[in-house]
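Take a look at this one chain, the form predicted on its own, written out in structure tokens.
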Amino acid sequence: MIAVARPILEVDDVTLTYVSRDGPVTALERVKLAIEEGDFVCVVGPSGCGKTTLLRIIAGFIPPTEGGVRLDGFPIHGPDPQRGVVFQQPALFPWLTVQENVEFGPKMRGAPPGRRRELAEAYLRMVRLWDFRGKPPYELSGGMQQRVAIARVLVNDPRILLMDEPFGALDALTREHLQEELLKIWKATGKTVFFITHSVEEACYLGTRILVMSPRPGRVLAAIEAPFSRQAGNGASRAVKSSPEFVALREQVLTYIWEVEG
């Protein structure tokens, strides 16, 4: 009998209802999904569909009203370094240098100074910011700050990387550049990624799978396989994004969203 590998992350019939001044509001309804190790899952959907709420439940920031989430088969009951979160605005300590920001996690876990420096150097070199290690974050551009935030999460060696619109506040050129950088990091580390975005083009380019969510209450309407993240890289983004196959996928995803919004 062949053993079947268990998904790294399982979301089992998750529902979230919260109380408002106008009564109970259901933000998510019976969301069910499984993510395999090494997947790059992108989530898109109409504004207010619960994308970020779902990420916050997976991160352990808020509990679901019903259902549950498991990482490597173990229930999630709160935040943990095994689920590293990158937010839209880089959550960096302005009073620490770039290197000290990246060393913060290992320091909290009791790693000795030499090991902390070794880890910080490895990940800052990965995001090409070692030369800026002594700078405070506010002296860096927005894109560079986000790369520091990614390094600070990766240094903890999480099982899954949760990214909530990490490039949403950046200009178009910086965003495309960081998409390329993120794909390189993903391929180099083999990390599993759960990525929230409002950009269908970004989801089609980065994701191995695209989840389309319904308007509130949020449900997974479709899970669409995407091949381009494994093909992309080496500055070829415009060629990939202008190809007939990519345009067809983008239109397929947009059609799902337009139909549920209409």
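All figures in this text were calculated on a predicted structure; none of them were measured in a lab. In case it trips you up, residue 1 is the first one in the sequence shown, and so on.
The protein also exists as the form predicted together with a small molecule; that form is not presented, and the subsequent description refers to it.
Trainee: Given that the small molecule is left out here, which of R70, H198, R209, R30 has a heavy atom within 4.5 Å of it in the model of the complex?
Mentor: When the small molecule is considered in the model of the complex, the option within 4.5 Å is H198.
Trainee: Heavy atom to heavy atom, is T53 within 4.5 Å of the small molecule in the model of the complex?
Mentor: Although the small molecule is absent here, T53 would touch it in the model of the complex, with heavy atoms inside 4.5 Å.
Trainee: V25 near the small molecule in the model of the complex, any heavy atom under 4.5 Å?
Mentor: Heavy-atom contact with the small molecule at 4.5 Å: present for V25.
Trainee: Can P227 be called a contact residue for the small molecule in the model of the complex at 4.5 Å between heavy atoms?
Mentor: No, P227 sits far enough from the small molecule in the model of the complex that none of its heavy atoms falls within 4.5 Å.
Trainee: Counting only non-hydrogen atoms and a 4.5 angstroms cut-off, does G38 reach the small molecule in the model of the complex?
Mentor: Taking the distances in the model of the complex, the answer for G38 is no, it never comes within 4.5 Å of the small molecule.
Trainee: Select, from the options 45-53, 219-227, 200-208, 30-38, the stretch whose residues sit within 4.5 angstroms of the small molecule in the model of the complex by heavy atom distance.
Mentor: This holds for exactly one stretch, 45-53.
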